[in-house]
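Take a look at this single chain, the form predicted alone, given in structure tokens.
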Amino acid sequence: MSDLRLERLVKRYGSLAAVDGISLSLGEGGFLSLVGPSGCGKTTVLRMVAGLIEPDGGRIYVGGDDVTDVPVHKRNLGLVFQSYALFPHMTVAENVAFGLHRRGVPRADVETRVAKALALVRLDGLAERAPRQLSGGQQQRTALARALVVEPRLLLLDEPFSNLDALLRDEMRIEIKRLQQEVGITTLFVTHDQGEALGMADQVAVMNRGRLEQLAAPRDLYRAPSSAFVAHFIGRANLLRGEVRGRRGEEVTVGLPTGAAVRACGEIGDGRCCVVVRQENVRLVPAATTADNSFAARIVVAAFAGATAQYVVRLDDGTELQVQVPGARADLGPGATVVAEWDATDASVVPDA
């Protein structure tokens, strides 16, 4: 196992900077998710770490060694991509053994290590099957075993769940997290799904237009986004734009364009800002209370989704908020009048981008 360090990594395609000066560190045994919208540069970062793309600037260190100019086959990294890239004419065991044979590992050791890797991913009874005889989840486990069997310094996962259905995707998230913890391998994971990023990683790096927006633990990223982009991309949030009007302790008063005022928490200078209110932090109550952020509203849209229900409510000033409540409490329909409120401690303030 090794740690990973990127220093001012750059990749350009003509005048476009696909990766624009990314610097980050991942400790030995850690699990880091790179997340962001399509085209933000996250896969380009992973492929530069793998050695599949040559950077135009910056350095890549694995275990303290500068591998920026080291060929891909000499970096000893485990790679799992979207397509799994299994050889159709080989059995499961032969696919897993492929990298060991390329490295000249003795045959007796190959058999032992392949058996151990297949047991680790719970495929030891399917060693002689062909890839076409496997389910999508089993194919993914085969690709994972092939990556782990060479005892790589890092494990690199590029959108490994994209070809799986929703139920299998949830199962494989847990499987890979379990394996990563058991093996203790340093893992870099690329995804566009913020739920996967938050649920699997120790640290999450949010990218936007080739740059690093924020790097933090999942809970900190969710509770204290550093920008309106991060707040909007991670989780479900309402963004209320306004201007700072005053401060009281850790709370900030923000005036909205409609003339209303809301209170939120966070450190920010004077001027324009965004108040971030997570959908699940908005309460829908029958009458106004003493809460600072309390507004008369009407239900515009009601959508039941089993465990949760989604509402769109329109305040008297025309502002619309999205609200998420437990499905068991979904007893409101369109046209119902309510009061939408939230605590100042459940709202954060960020600069207006």
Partner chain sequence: MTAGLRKRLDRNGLGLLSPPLLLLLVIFLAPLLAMLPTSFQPYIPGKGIGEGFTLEHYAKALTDSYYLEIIGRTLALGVIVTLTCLVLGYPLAFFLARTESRWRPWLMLLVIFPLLLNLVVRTFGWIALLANRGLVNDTLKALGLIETPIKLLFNFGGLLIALSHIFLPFMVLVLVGVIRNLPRDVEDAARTLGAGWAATFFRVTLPLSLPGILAGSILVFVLTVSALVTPRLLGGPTYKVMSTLIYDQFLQLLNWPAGAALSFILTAIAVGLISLSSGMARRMGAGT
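By rigid core we mean the largest C-alpha set that fits within 1.5 Å across both forms. Positions refer to the first chain, counted from 1. Values in this document were obtained by computation on a predicted structure and should not be read as measured data.
There is another form of this protein, the form predicted together with its partner chain, and it is not shown here; the text below is about that form.
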query: Candidate from L198, M90, L164, L256 lying within 4.5 Å of its partner chain in the model of the complex - any heavy atom; finding: M90
query: Contact residue in the model of the complex, from L52, A309, A291, V312 (heavy atom within 4.5 Å of its partner chain); finding: L52
query: Contact of A117 with its partner chain in the model of the complex (heavy atom, 4.5 Å); finding: no
query: In the model of the complex, R219 touching its partner chain (heavy atom, 4.5 Å); finding: no
query: Any non-hydrogen atom of F229 within 4.5 angstroms of its partner chain in the model of the complex; finding: no
query: F233, heavy atom within 4.5 angstroms of its partner chain in the model of the complex; finding: no
query: Partner-proximal stretch of 208 to 216, 74 to 82, 240 to 248, 178 to 186 relative to its partner chain in the model of the complex, 4.5 angstroms, heavy atom; finding: 74 to 82
query: Site test, L86, R102 and R132 vs its partner chain in the model of the complex, non-hydrogen atom cutoff 4.5 Å; finding: yes
query: Residues in 160 to 187 with any heavy atom within 4.5 Å of its partner chain in the model of the complex; finding: none
query: Exceeds or equals 2 Å, Cα of T91 between this form and the one not shown, core fit; finding: yes
